[in-house]
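To begin, one chain is listed below as structure tokens, in the form predicted alone.
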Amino acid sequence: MKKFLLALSVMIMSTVPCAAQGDITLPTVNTSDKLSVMDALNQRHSSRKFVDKKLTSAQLSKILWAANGTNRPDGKRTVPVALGVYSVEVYAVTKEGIYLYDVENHKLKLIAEGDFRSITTTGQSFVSKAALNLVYVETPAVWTNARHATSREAQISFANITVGAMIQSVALAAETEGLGNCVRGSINHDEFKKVAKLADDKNILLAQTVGYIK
């Protein structure tokens, strides 16, 4: 009887979805790849058929670092910005939860526990199957740190240029891991803002799906 109950408990536990385990410290990025930049560009394409398979810690680390990571001792990053202002934050949405990428510490900070992949779209079914959805969010308040004042229109334009660099960096990093990606403008803005606890003035710019493809 004891053996039966033990086996039953193991079966039940195996069917329970994995819960988020708090913040995630990402491993050091391996910047050595067999695939060249030109090969990655040649293979880059949008994918919309994903399988629900979790990324490894190393893959997650590489993708986040490519998006917005620090690549120099002075704290500058993998993507260009205007006026020295890093106004775009990267949110990582996985099966376990919503996380904010902490650039300085190269870790993911848990914002909300649970599977919220579906709210990073307005109906694209493949989004809920992919291991990772990145949401790029602009924070207007940080423009007070700019080297000189600029218009709000210019700030938005600069942020969009940065996001353009981010999505291409992620796409190329994904190719080096044999992963697919898809850049998306279709996002449930209101629901994501609510669940991710975004301040009212923050602007959701784009989303990008990354994962194993069929």
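So that there is no doubt, residue numbering starts at 1 and follows the sequence shown. All values reported here derive from a predicted model rather than from experimental measurement.
Below, we turn to the form predicted together with a small molecule, even though it does not appear here.
Undergrad: Have a look at 65 to 73, 25 to 33, 43 to 51, 143 to 151 and name the one stretch with heavy atoms inside 4.5 Å of the small molecule in the model of the complex.
TA: The contacting stretch is 43 to 51.
Undergrad: Of the options C182, L55, A173, M166, which one has a non-hydrogen atom that comes within 4.5 Å of the small molecule in the model of the complex?
TA: None of the other options qualify; the answer is C182.
Undergrad: For a quick test of understanding: in the model of the complex, does each of Q124, S186 and L206 have a heavy atom within 4.5 Å of the small molecule?
TA: Per the other structure, all of Q124, S186 and L206 touch the small molecule.
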